[in-house]
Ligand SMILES: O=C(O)CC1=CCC(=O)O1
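Here you get one chain, nothing else, as structure tokens; it is the form predicted on its own.
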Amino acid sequence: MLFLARMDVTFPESMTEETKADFQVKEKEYSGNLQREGRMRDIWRVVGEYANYSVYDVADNDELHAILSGFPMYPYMDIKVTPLAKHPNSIK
């Protein structure tokens, strides 16, 4: 199953830059592993925002939920998920 997820990150103003940097390192490792495993097919940042769009290829809703809730920044994310289906006009 394919899913498109938009993730917007909002850190508390009280969070130190050092803590944010630590989250960013952990996030990069986690998402890199998902990409190497093929469960995250693609990731695109949204220009001018602390947000991204990612495409996930997973078995079901439960697997996607486990992946999303496993992100280190999950407590600071607003996530919107859209299930995807192949468009009949696609030439791929």
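We number the residues from 1 along the sequence you see. Source: prediction; values computed, not measured.
Not on display, but discussed next: the form predicted together with the named molecule.
Annotation: pocket open; no atom of the named molecule, superposed via site C-alphas from its pose in the model of the complex, falls within 2.4 angstroms of a backbone or C-beta atom. The three residues I43, Y50 and M77 all sit with a heavy atom within 4.5 Å of the named molecule in the model of the complex. In the model of the complex, no heavy atom of V81 sits within 4.5 Å of the named molecule. In the model of the complex, E27 approaches the named molecule with a heavy atom inside 4.5 Å. Not displayed here, the named molecule is approached by M7 to within 4.5 Å at the level of heavy atoms in the model of the complex. Interface residues of 63-87, taken as those with a heavy atom within 4.5 Å of the named molecule in the model of the complex (partner not displayed): F71, M73, M77, in sequence order.
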